[in-house]
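Here are two versions of the same chain, shown separately as structure tokens and labelled structure 1 and structure 2.
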Structure 1
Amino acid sequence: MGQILKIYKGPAGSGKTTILKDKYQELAREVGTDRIMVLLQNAPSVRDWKNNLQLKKSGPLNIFTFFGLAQDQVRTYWPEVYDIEGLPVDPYFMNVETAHYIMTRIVEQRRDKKDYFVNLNSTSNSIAVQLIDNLNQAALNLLNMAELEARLLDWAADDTDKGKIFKEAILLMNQYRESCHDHFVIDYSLLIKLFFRLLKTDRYLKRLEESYDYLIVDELELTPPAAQKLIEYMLSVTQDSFMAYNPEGKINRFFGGNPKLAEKKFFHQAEIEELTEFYGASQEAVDFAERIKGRVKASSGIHRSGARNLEGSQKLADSSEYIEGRISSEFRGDMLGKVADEVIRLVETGVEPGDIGVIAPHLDKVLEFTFTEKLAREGLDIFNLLRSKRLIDIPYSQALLTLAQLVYPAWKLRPDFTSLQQTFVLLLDLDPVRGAILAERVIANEYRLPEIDQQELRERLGFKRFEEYNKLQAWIAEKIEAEIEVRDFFQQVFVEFLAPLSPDEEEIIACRQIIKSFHKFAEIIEAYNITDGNRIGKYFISMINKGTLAAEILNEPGQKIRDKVIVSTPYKFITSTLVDSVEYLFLLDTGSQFWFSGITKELLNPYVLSPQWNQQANWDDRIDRSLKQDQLLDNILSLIRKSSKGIYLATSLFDSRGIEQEGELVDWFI
């Protein structure tokens, strides 16, 4: 039924999203918002669209991510999804942390019998994460379990040990999937499967047809095959469609996004409008990126040794003015010091700290320490895009967890000294020294708040907040006594202790993230009838400590970093919404092999699960290497395009462990 399919094609900053937004508003004024479906790639974009509409009147806003739409529809049409009696009113949607927990249990139970994964050294948790990712990847690529198994066995080829492990993996994935069905608990992969169950019925398709006239899709290049299939359905039931496509946006290729397939499916039926003007990056950056691309691509074939492969192609040489500087040293420490000096010099010449990005493939402690130290001396701060968002780094959420550990001694988790100290500083308004004295006393008293009389408090601890201390002590004792449920506990701490201290928005969100997440967690555990005693609390806390609990919402899009030098890994930098672009980019450790991040793990290989996988081929080092190189090239190009004035390349002969660095990235810039 599709009349027009128009695709706006252009690089980042070429105004595609603005065109789509304008189109949406124009159509909304004509036919109403309810007749238009908008598909976006992530939740912040959805929020951004919804918040910035300039419509005087609007009906329901059908602006979704693929996942959000699937969730909404499976929930609404739930009685039509399963053909069995005894459904709960709504399904239970499981977040990724809970999915990992359930899968970890399954893997552990099996491993306890010592017959599965015998030759695998990975932890059960890491195996569980890979199994869940396999299911997710399979779902995104519309593979059923039999196909998933076939692909994994393809990958194993003649390696019988590997084949055995994959068969075991499949059995556990099936067991997990069955348990989800049994309890009506829906994780990401099952959600997609159930959504397609709906999409395959005429009744549902008819409803879609009656509901929508138009379809708008932004960032088509990031859509996985499953979302593309949905788009195909929508094209068959709507009138006109408008989409945006960034030919350079290949960055989440191995997280399911499939630009090649999108081109193949939609371009031939579309009117394509090329947008050549762009606003983000500078022309110099784009030209330079093009030259790098041309150079790497010109060296044909699969590259085994970078230097040799680039021999035939033209060197960057004279056309490399975009390279602002090259820093090299024998030892890494020296190199880091020099980079820090150059950063300081740039700031002295008037460059804003937030306009400088320092990118390394592996952010280790040495790097962070050197930078923090050296820059601090000049009054400069760094902003580590990787580490900024851990819930545990926010004193309020830390206090929430610290108190939980004090109230639930049976978890056998002990808050560390710093957590205790900071919690007392926050709750009792102490200075750090007195917070530390109190923390020591609590540790010495086996993690119970000691009896302290008023005089002692005044004399030794020197704080006046006698009543506050007593209140806290009595409160903890009361909660231990009452054996209060954890889910209620978190919210009580928040309401009764933390909220009255006037937390700011980020702190509130962090606390709520914990409370909310635990609620979700507890809901699923209940649905599964798991009585794990201490394990749940323990698992939950360790998840937060490891930073696995999603905390991305802490930084809303729009709050850009201006006053701190940005330190990041390539992927985080490219995908972060906190930085649009910087003026100067430092690429560190260009000799390091870490730049070539592999896409495979022992049990996970997104490539063999993608539609591009050629079933006649065998997975071998050549393919692996070629994919790694493509990925690196995409990363480098995206990095360069996120800069506007120039890049610095920094390398050392030896890495921090004293091993010679021989990665080939260095050769790309010769």
Structure 2
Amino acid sequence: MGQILKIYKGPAGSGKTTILKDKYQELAREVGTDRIMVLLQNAPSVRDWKNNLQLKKSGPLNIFTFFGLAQDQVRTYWPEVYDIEGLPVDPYFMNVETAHYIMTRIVEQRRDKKDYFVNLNSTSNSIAVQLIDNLNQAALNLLNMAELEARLLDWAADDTDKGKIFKEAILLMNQYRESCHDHFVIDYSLLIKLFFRLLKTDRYLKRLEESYDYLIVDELELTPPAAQKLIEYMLSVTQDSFMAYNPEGKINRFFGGNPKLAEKKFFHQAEIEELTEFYGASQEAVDFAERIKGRVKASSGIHRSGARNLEGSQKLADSSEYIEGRISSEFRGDMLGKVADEVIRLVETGVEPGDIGVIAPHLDKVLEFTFTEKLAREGLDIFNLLRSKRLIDIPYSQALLTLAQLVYPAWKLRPDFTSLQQTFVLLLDLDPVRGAILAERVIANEYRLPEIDQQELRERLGFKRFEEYNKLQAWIAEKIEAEIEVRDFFQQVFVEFLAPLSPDEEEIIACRQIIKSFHKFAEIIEAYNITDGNRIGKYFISMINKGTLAAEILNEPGQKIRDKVIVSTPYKFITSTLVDSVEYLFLLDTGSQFWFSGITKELLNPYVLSPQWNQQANWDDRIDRSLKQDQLLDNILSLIRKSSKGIYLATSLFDSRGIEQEGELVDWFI
């Protein structure tokens, strides 16, 4: 049994992580880093810990996310995981995009027969994403397939149509899972199950016991039941353990986080130190957050009965002075412009751009364009924490894919007009008008580059680009003739065409991710024996065109954002390690229903799969509404506590689509 379990309990900004880091370094100097297991919540946190260590010397750093630890251990002890003949030398780890692709193929094959999901309007890709998420949620909650099916049917209750759809979903999830086992291909959910297969063997448990003396866990409230099961065991075999817990950090439910279960498992055996001071938020922000919390909690009975207003609860009164300003407009575009003007005014008064956060429940192109344009006129820039810029929206990575479609005509994939235009603008240094002219001619020429000696075209493109154009045309012809392996193609394009154009860091990362994703995708597709040779490239680009890989997120910078105005969604802002806190926070679209969105989808309900699911109760609107309100309250409190001087509230009568905004978040701040 562990000698000490100490839990540092406090809200965001109370110094919990700093205490854990200090404790880690103290222990590392005494016993070495290799004797300490550290569990963190995400890869940026792991990177932040490793980059900021202040140790004169260290051994192996056992600092992991739960997923990272599971992958490391399954890879290390691979022969023990399956222990059968014919096992590949190394496991195939499938990334999320490839998992979605495989599941989408399974769904499409059934839907082609018109006997599955007949009454669902969702795309096969959307259904596949939800089935994968169901498997992930089941793994994180330690449910087997029979238990997963039982929970889904509980959710369906007396709805026979819904029950039929769930049974079809279970059959396809089983088919997918069996195919993973057959090919030794491991996705996220199977990885968790294989890791727990190891954890059930005495030999592996003995290794864990002999490897570690101390355990450190940050953000315990965000850990899923599977991680908590591992923590339970480590507590029993390590000397001392130190954890951090945020009682209001309940923002990770969709990803399996279960704070209530963590409290039940660990609090009764721990020495708990309450942290009451704040290093990020001001006391005014803390008081304001408490006021909001009390007001919403006092009205919770009213809300759950269906009433919209906070009647009967005390208004914010004096605490509303933390609200620095209220910006409203009839149309959203006007509202965004006014917010941008106020951001500029704050900077002119001496506020650092990185001390201003602009938070919206949904970041659309209108918002990003408005801010980028208006702030750029004043020499300011924004940093979008969501970093949701799609790989295919970056001209360099787009050029890789466009040239592939021109060099492999047998795939019968055709780049669209915009892709062609952007590629020619980039590779030939053309202006957009001439790029468009050339794109039109290529499409008219059945996606072959036309002869440049056509006088009219030569004059319209400009004579200076002849040499570059002829070089590109000859290069494409040569590759078509040579039937180059697609495995080598992307690398050649980058080396011969893109690298000489001096791409910046983001553009290099984008190209690298395309190349890396292709090789990972090809490895899995070959394991499945779906196809071979250059046709893998066709499937890869088809996957991107369907949007599966398009949401790939570019790597984050490794340092705090100080010189740019921060734009983000609530969850990303709260969890980002790039921002400790800001002085001023703008909450946009407070009338939008997006603030009040839930975590359930037509085939996915994380709450039903959690240990708290009461099998005696049917899912209904009351439970759904209660969970949505709790989630929104947690988000708002966490946002406010990441500010120090004040918040701005901005809303418009109509959203960008002309729909009237009637969300109730506005009422919380009256």
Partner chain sequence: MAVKELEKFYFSQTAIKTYLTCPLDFRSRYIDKLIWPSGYNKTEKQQAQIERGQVFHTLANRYFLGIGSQEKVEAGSEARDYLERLKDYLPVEAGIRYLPEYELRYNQDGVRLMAKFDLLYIDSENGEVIIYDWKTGDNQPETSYYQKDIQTILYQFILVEVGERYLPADFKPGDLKMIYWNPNYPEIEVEIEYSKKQHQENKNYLYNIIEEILELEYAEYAELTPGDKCYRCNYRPICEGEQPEESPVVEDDLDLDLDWEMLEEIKFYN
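Here the structure is a predicted model, which is why all the values come from computation and not from measurement. Residue numbering: sequential along structure 1, first residue numbered 1. C-alpha atoms forming the largest set that superposes within 1.5 Å between two forms make up the rigid core.
Only structure 2 of the pair represents the form predicted alone. The Cα shift for Gly591 between structure 1 and structure 2, taken after rigid core superposition, is 2 angstroms or larger. The two forms, fitted on the rigid core, differ between structure 1 and structure 2 by 2 Å or more at the CA of Pro500.
When the rigid core is held fixed, the Cα atom of Val433 travels 2 angstroms or more between structure 1 and structure 2. The two forms line up on their rigid core, and Glu373 then has its Cα shifted by 5.9 Å between structure 1 and structure 2.
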